[in-house]
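Just one chain follows, in the form predicted alone, and it is written as C-alpha cells.
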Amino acid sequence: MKETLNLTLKVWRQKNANTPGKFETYEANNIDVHASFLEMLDVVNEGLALKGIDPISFDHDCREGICGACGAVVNGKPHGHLPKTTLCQLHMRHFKDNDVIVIEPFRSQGLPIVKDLMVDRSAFDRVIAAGGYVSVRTGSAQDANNLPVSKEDSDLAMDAAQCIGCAACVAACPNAAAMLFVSAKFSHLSLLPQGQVESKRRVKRMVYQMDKEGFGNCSNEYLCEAACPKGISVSNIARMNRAYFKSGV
C-alpha cells in the first residue's frame, strides 16, 4: 500500500457570514495515509501560511470523536463517507491517490457560517438552555440507587445521551431539521425518573426554541440517523413527537 497520497482539495472559503463565499482549489501532496482528515488540513494550512495565504478555518477540539466540535461536508456527506465516524476520526487511508475532495461547511439557517468551514452552533446551546436540564430536587447522589429504572429505559437513555451535538444531522437533512439532536437530548433526560417531572415543560420549551432558531421539520428521510457519528436512532424523534402532542392535551 502506498504510504502517501496526492490530493486535490476544493475548499469553501468565506471570510464571514456577510461575505459571499466560493470554492478554492488547493493541492495536498505527500499526505500520510495514516493522518486524520484534520491533520491533512493542518499540513495544507502550513503550506498556505508559507505562501502568505490565509489558512483554512475549521472547528476542532479533542480530535478523539468525543466533543462534537469538528464537522464539515466531505464530498456531499457530513463527516465524510464512513458510517459512525467524526471528521477528526476519518483517516486518509480511506481515500485514493489523486482523489478530488470537495469540502464545505454544514449549511443551515440555524448554523450560520463564521468563516470557511466554521459554523456557529450556539443555537444548540440555546435549545439546551430552554429545557435540556433537570432543575427539580430529586435527592442527593446516593438516592439514585433507590430509584427503580428498567433495563430497557436505562439503555435507551444511555443511547440517546451519546449525542455529541455535532450538527451532522442538520447538515444531512433536506429540511435542515435539528430534531434528532433535540429529541436525543429530550429522551436521555425524560426516560429517567429524575427527568420525568419536567418532561411536559421540557418538550414544549425545547421544540419552541428549535423552531425559533430556524431549523426545519422532520419529514422521515432518516438521513440524520445515517449521518450521525454516534448512530442516534430516529425513534427518539417519534418519542419526542408523542410527548409534544401529549403535552398539549
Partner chain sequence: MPLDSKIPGGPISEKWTQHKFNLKLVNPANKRKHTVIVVGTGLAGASAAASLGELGYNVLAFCFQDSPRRAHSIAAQGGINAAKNYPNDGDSVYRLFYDTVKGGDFRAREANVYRLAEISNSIIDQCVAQGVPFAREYGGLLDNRSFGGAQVSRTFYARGQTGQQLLLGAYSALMKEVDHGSVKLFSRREMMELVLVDGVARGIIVRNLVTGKIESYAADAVVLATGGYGNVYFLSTNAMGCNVTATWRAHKKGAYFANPCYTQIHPTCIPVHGEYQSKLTLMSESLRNDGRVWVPSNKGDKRPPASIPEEERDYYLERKYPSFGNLVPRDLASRNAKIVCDEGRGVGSTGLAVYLDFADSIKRLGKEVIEARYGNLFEMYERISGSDPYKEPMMIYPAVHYTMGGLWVDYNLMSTIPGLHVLGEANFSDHGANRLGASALMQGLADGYFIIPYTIGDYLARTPLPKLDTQHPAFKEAEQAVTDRVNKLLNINGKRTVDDFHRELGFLMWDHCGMGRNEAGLKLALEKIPALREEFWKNVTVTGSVGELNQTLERAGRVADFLEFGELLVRDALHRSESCGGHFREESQTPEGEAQRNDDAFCYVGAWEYQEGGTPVLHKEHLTFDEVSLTQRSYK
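Positions refer to the first chain, counted from 1. Not measured: the values here are computed from a predicted model.
The same protein has a further form, the form predicted together with its partner chain, not shown here; the description that follows concerns it.
Enquirer: Where does its partner chain sit in the predicted complex: which of 171-179, 127-135, 97-105, 72-80, heavy atoms within 4.5 Å?
Expert: Partner-contacting stretch among the options: 127-135.
Enquirer: Please check if Q162 has a heavy atom lying within 4.5 Å of any heavy atom of its partner chain in the predicted complex.
Expert: Because a heavy atom of Q162 falls inside 4.5 Å of its partner chain in the predicted complex, the answer is yes.
Enquirer: Considering only heavy atoms, tell me if P55 and its partner chain come within 4.5 Å of each other in the predicted complex.
Expert: Yes, P55 sits close enough to its partner chain in the predicted complex that at least one of its heavy atoms falls within 4.5 Å.
Enquirer: Answer yes if any heavy atom of Q109 is within 4.5 Å of a heavy atom of its partner chain in the predicted complex; otherwise answer no.
Expert: No, no contact at 4.5 Å.
Enquirer: State yes or no: in the predicted complex, is some non-hydrogen atom of E27 no more than 4.5 angstroms from a non-hydrogen atom of its partner chain?
Expert: Taking the distances in the predicted complex, the answer for E27 is no, it never comes within 4.5 Å of its partner chain.
Enquirer: Are all three residues E46, A49 and Q89 in contact with its partner chain in the predicted complex, where contact means a non-hydrogen atom within 4.5 Å?
Expert: Every residue of the candidate spot has a heavy atom within 4.5 Å of its partner chain in the predicted complex.
Enquirer: So which residues in 109-125, when you check its partner chain in the predicted complex, have a heavy atom no farther than 4.5 Å from it?
Expert: The stretch 109-125, when checked against its partner chain in the predicted complex, contributes V114, K115, M118, V119, R121, F124, D125 at the 4.5 Å heavy-atom cut-off.
Enquirer: With a C-alpha distance change of 3 Å or more, do V197 and Q142 lie closer or farther in the predicted complex?
Expert: It is closer: the C-alpha separation of V197 and Q142 falls by at least 3 Å in the predicted complex.
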